[in-house]
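One protein chain, two forms: both are listed below as structure tokens, the first as structure 1 and the second as structure 2.
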Structure 1
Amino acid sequence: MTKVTKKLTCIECPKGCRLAVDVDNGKVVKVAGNECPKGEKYAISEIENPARILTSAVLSQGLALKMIPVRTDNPIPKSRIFEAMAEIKKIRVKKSLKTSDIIVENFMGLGVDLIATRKAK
């Protein structure tokens, strides 16, 4: 890979700074356009190790809701989103839940929990 400049819009604060990020071999070498230190941190994370909070729903059995909305409690690597969705499809909830109850602890060994975002009885 050669040196390239990528354009990003920072989402860390309401300013929405337009960033120009110089990348060499997958590593950030320069960030320009940020008006605060958050922009540089965001650019480095987004280029070198992008991660997202995953939101979805799991099937239930014997509960009033047929689908229980869920999310990870922390971001997971963006490269593992499709694998995580395949794992979520296998989950069946059979007991009542409160909002923020853990459905799967240490989801996929990623150090994050899969939690309910709505109560279900």
Structure 2
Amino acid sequence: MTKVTKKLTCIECPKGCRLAVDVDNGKVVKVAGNECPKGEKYAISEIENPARILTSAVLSQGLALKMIPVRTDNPIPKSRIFEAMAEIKKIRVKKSLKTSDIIVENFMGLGVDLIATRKAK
């Protein structure tokens, strides 16, 4: 692979800056169009290691709230997202939770925790 320019949209804030990213052999060598440093960080991650915070909801059993909203506390590789959804579907929450309580530690061995984003009794 040689040098190419890729167009991305930064997703780190609602502005959605259009980024022009020069990529050489899979490595980012230059980022333009970002209005703040987060855009550069995003571009590097998006090209070299694309990742997203995954949000979803898991089923509860015996709690007043039927669906407990959850997220990974840090981004996980994009390529693992559907696998992660399959794992999330297997989970049943049976105990009361507070917001930010860990539902699965070291989720799928990815070094992130799956946490509750709402309290549930």
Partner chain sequence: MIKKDLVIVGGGPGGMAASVSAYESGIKDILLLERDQYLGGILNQCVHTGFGLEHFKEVLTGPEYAERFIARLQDMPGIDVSLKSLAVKLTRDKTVTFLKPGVLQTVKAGAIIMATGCREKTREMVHIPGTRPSGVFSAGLAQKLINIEGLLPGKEVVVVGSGDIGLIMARRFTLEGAKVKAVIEIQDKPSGLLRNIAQCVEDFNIPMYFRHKISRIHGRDRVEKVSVVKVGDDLNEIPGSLFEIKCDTVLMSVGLIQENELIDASGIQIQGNNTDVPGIFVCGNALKIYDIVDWVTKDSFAAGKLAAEYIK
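Keep in mind that this is a model prediction, so the values were computed, not measured. Just so we're on the same page, rigid core means the largest C-alpha set that superposes within 1.5 Å between forms. Every residue number counts along structure 1's sequence, beginning with 1.
Structure number, where the criterion is the form predicted in complex with the partner chain: Structure 2, not 1.
Residue marking the hinge between the two structures [rigid parts; choose from 86, 66, 73, 49]: That would be 49, the one at the hinge.
Interdomain rotation between the two structures (smaller rigid part versus larger, whole °): The rotation of the smaller rigid part against the larger one between the two structures is 20 degrees.
Cα shift between the two structures at residue 21, which is computed once both forms share a superposed rigid core (Å): Core-aligned C-alpha shift comes out at 2.3 Å.
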